[in-house]
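Below you'll find only one chain, the form predicted on its own, shown as structure tokens.
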Amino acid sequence: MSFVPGQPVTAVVQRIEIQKLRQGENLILGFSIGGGIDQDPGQNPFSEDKSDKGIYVTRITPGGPAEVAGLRIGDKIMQVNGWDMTMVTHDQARKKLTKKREDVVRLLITRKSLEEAVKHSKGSHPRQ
């Protein structure tokens, strides 16, 4: 998905709800992120045109809360609990995801396979 800062974004999205796992004082999500407006988008392996500064899932813990909820490596996080994540620094994204007072994280994500499925379905049925 190509993204131009300041311009509207059209994306096929999916809602994912992750129940954090409590380990002592810590709440575990079971995934890692990369990206952010303060990072070099050329280093992002999930950015098609190497200019996307979005927040992407870079690692999933096998059997962890994120995997159980359906999150996948390469998913782009568009929102966290209603907060826009399209123009945030890496640290801002991390802080939104790891708030101690929240046992549940509601994500709005997009992934390449979602966009391809919609394009395919639109192309396979002629409009009447």
Partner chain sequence: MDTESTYSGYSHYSGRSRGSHRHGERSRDRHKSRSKDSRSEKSVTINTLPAEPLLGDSSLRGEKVQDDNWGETTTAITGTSEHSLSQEDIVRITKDLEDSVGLDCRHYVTRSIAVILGLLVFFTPLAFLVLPHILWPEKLQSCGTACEGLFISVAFKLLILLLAVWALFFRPARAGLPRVFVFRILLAVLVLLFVISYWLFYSVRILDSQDENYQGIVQYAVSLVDALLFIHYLAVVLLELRQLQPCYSVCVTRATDGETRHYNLGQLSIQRAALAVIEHYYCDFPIHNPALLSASKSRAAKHLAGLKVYNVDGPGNNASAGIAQSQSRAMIAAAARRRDTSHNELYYEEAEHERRVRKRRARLVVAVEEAFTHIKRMQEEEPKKAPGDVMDPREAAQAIFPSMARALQKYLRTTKQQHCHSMESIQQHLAFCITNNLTPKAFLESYLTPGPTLQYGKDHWLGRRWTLISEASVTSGLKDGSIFLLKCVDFSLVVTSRKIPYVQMSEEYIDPKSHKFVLRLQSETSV
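These numbers come from a predicted model, not from an experiment. Numbering follows the first chain given and starts at 1.
There is another form of the same protein, the form predicted in complex with the partner chain; it is not shown, and what comes next is about it.
Engineer: Taking 29, 34 and 43 as a possible spot, do all three reach the partner chain in the predicted complex with a heavy atom inside 4.5 Å?
Structural biologist: Yes: 29, 34 and 43 each sit within 4.5 Å of the partner chain in the predicted complex.
Engineer: Identify, from the list 58, 51, 92, 86, the residue with a heavy atom within 4.5 Å of the partner chain in the predicted complex.
Structural biologist: Checked against the cut-off, the match is 58.
Engineer: Taking any heavy atom pair closer than or equal to 4.5 Å as contact, tell me whether residue 97 reaches the partner chain in the predicted complex.
Structural biologist: The answer is yes: residue 97 has a heavy atom within 4.5 Å of the partner chain.
Engineer: Although the partner isn't part of this model, could you tell me whether residue 39 comes within 4.5 Å of the partner chain in the predicted complex, counting any heavy atom of the residue?
Structural biologist: Taking the distances in the predicted complex, the answer for residue 39 is yes, it comes within 4.5 Å of the partner chain.
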